[in-house]
Structures are given as C-alpha cells and as structure tokens.
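Given next, in structure tokens, is a single chain: the form predicted on its own.
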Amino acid sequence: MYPFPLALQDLLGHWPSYLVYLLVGFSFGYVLEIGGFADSRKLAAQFYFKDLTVLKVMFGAIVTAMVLIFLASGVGLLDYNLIYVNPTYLWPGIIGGLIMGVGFIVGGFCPGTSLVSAAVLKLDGIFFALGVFFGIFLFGETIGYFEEFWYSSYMGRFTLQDWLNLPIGIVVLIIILVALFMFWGGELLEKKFGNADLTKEPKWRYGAAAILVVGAIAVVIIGQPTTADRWTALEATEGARLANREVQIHPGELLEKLHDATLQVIMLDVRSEADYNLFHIRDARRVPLDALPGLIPALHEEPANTLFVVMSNDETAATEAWKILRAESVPSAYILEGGINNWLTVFADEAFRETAVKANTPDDSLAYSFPSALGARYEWAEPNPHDYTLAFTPKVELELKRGPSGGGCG
C-alpha cells in the first residue's frame, strides 16, 4: 500500500488530528505574516510591477510542491489518485478569477492574506475579511439566480497534462522553466518600476532554481506508475482479499444495496455489447474493459456513499476490472459473485433456467440462451427484493474517501 497521503484521523484519532490541522494553519499564517503578506501595500505593489514577492513566493511554493508530489508518486511513496483536485468549471472559473483579481487590486488582499492581516489586528485586513464574509453570504442568497451558469462548462478533474496531452514529467519540466523565466522577468520589472537593487537578492536562489530543474528532470526520467505498477504495489494485500473472496458479493446483497436509500450503487458491466444487449441488470452501465481506465477520474468524483460493483458473465473479466479499480484507488469496489450467470440462477424463474441453460459454455460466456435481446426489459433485470428470502454473508463496507481540501489564496 502507498504510505501517503496519510489518513490523519485513522492514524491519530479525531481530536488529536485537529491539533495537526491547527499547527499547519498557524505555520502557514506565520510564514505569510513574516513574509510581509499582511501588508496590503506590499500585496498591491505586484500589480504595479514594483514588488513581485507574492508572485515569487506563491508560485515558488506551487512548483516546489508540484515537483515533490510527482517525485513521490513516481517512486511509489504517494498515491496521486487520493489527492483531491478541484473539478474544472471553465467559464465560472474565468469569471470568478476576474472578480477576485479586481477585488485583490482594489482591496490589496486575497481572502487568505486578509485573514492573516486581520489576525494581527490591522484595520484594513479586518474590513477586507468582513467583506469576504459578506460576499459569501451574498453569494449564498443569490446563487439561485445564476445556478445554471455556476455549474456550466463542467470538465471534471482536468489538469495541464490532460489539456496538453503530454506525459506528466514533460509538463512538470515545462512549468518549472516557465516559472524560472517569470521569476527572472519579475526581477527585471522590479528593477525598472520599483528601483530594486538586485545585488541584494540572496545568491542561494540560483541553487534553488537548479534543484527545481534537476527535480523536474528526475520526474521525466522516473515517470509515473502505470495501473499495472500500482496493482503490483497492492497485490500483497488486495490479492489476499480477492483470494479469500472478501470482495465477491452475493446477488442478494447487491439487490439489497440497490434498494438502500442511503447508498448510491454504480454497476459497471464489462461484458461485450452483444451479451449486454441480450440481458443486463437495470441501471448497469456497459463499460468495455479497455475503456475503464478512462472512466477512473469520473468515478473518483462520486460521493462517499457510492458502492461500485463490477460484473461479467462469470467473474473472469470482472476480476480484471476490479483490479483496475483498486489499483487506481477507487474505494468501495466489489465483484458480483458468479457474475450475470449467477444472478440469473438466483433470480430467473425455474422454467427459464431449465429451458435456456446451455451445456459446456466457455469461461466468461453467458450460460443461458435468450429468445430476444431485451436488455433490462426482462423481469429478472429488476427483481423485487420482497419476493426472495436469501441467505448470504454481508461483505460490503464503505471505505473512507478523501474529501476536498483548500489552500493558497482560496
């Protein structure tokens, strides 16, 4: 298993984990304050190219974290899938960024730095922070008037490597080079518009720049783990669960969960289109096995009460699909025990089972013949749970899911 990111509440308990959150928050605020970020004049000066400390510090922190994250992911210390990435809503994001930028210029603060300023009792920071809270209240009271726009142009977990369609390492290297160019250009602007004396700038910044470049090159060379690499790292624990049949759930348990109002059940049917069209469980999605990796980002965005169940005609293809889900850190994933064949054995009527059963079917093939390709229109596609009394061992346990996190000026 990947050691990071840590689930602090599992590791330390509920209240001790809050001490860690408090320490991190205090440290972040302290660094901002000693860096002068509680001074609105220093913050506003960046927009006049007189003092670009904010750009250099914030962007420097971003690119440093980027290199460390993908280095740790590349060597198998960090599971990047478990890091929350804000979903992209393109046009609302652009308009929101413009509004925030205007507010930053006019007020001299972003939300985060205003709280730092308010914490040291600066009046402008206090009034700006109060304005932020008023803006939040105003937004909450008026969202109904523009909610359709607010949720428009949704792109999911869309990152630079998705946009550029380049390997992560190449994107990291490009961003590092762009950042260093901006830092260099920022110093020239500070000299021209702010009369900055560049001879007083610390010499260690050249070494730090070189370390970032070396780190980015290392990300390119090491690369990122494939799904197969991820499964290899998990095989000792997840393979044991698979072998012990801890993840294969009885059709009766799936039926029970489908009628549990507290759960959202997503069924992924990885069979061929022909078999799916002959018969499938109502609301099951057909996802070809080779297309499943492309669906992973969307599955990660599902709510924490989501149960994922993969199925094939027996368990062969479903097991491969389950391995992909687990390797890509999709939580609460299970296999339909015995597949669609077992579902029909349990729920189809006796006359159908006796007349439609096939003899000597190959592995992962339908064990029954269907007179017509009716898909989910057969009555066994949506059985009534009150019509059956089934004995099975419950296996489903929802796993803890990482929640959203914030940072920076947001």
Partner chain sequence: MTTLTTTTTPKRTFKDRLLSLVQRDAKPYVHPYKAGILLGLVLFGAFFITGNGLGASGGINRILVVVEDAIYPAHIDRTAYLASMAGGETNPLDSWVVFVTIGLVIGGFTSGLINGRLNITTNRGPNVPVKVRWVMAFIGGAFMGYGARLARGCTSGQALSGGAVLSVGSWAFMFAVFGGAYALAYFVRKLWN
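These numbers were taken from a predicted model, which means no experiment stands behind them. Positions refer to the first chain, counted from 1.
The form predicted together with its partner chain is left out here; the points below concern that form.
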property: Any non-hydrogen atom of P303 within 4.5 angstroms of its partner chain in the model of the complex; result: no
property: Close approach of E141 to its partner chain in the model of the complex, 4.5 Å, heavy atom; result: yes
property: Exercise: I34 in contact with its partner chain in the model of the complex, heavy atom 4.5 Å; result: yes
property: V171, heavy atom within 4.5 angstroms of its partner chain in the model of the complex; result: yes
property: Non-hydrogen atom within 4.5 Å of its partner chain in the model of the complex for each of V24, D39 and G107; result: yes
property: Among 277 to 285, 291 to 299, 132 to 140, 222 to 230, the region lying within 4.5 Å of its partner chain in the model of the complex by heavy atom distance; result: 132 to 140
property: Heavy atom within 4.5 Å of its partner chain in the model of the complex - the one residue of L255, A196, L78, L242 that qualifies; result: L78
property: Interface residue in the model of the complex among Q264, T237, T159, T316, criterion: non-hydrogen atom within 4.5 angstroms of its partner chain; result: T159
property: Residues within stretch 116 to 136 having a non-hydrogen atom within 4.5 Å of its partner chain in the model of the complex; result: V116, A119, V120, L121, K122, L123, D124, F127, F128, L130, G131, V132, F133, F134, G135, I136
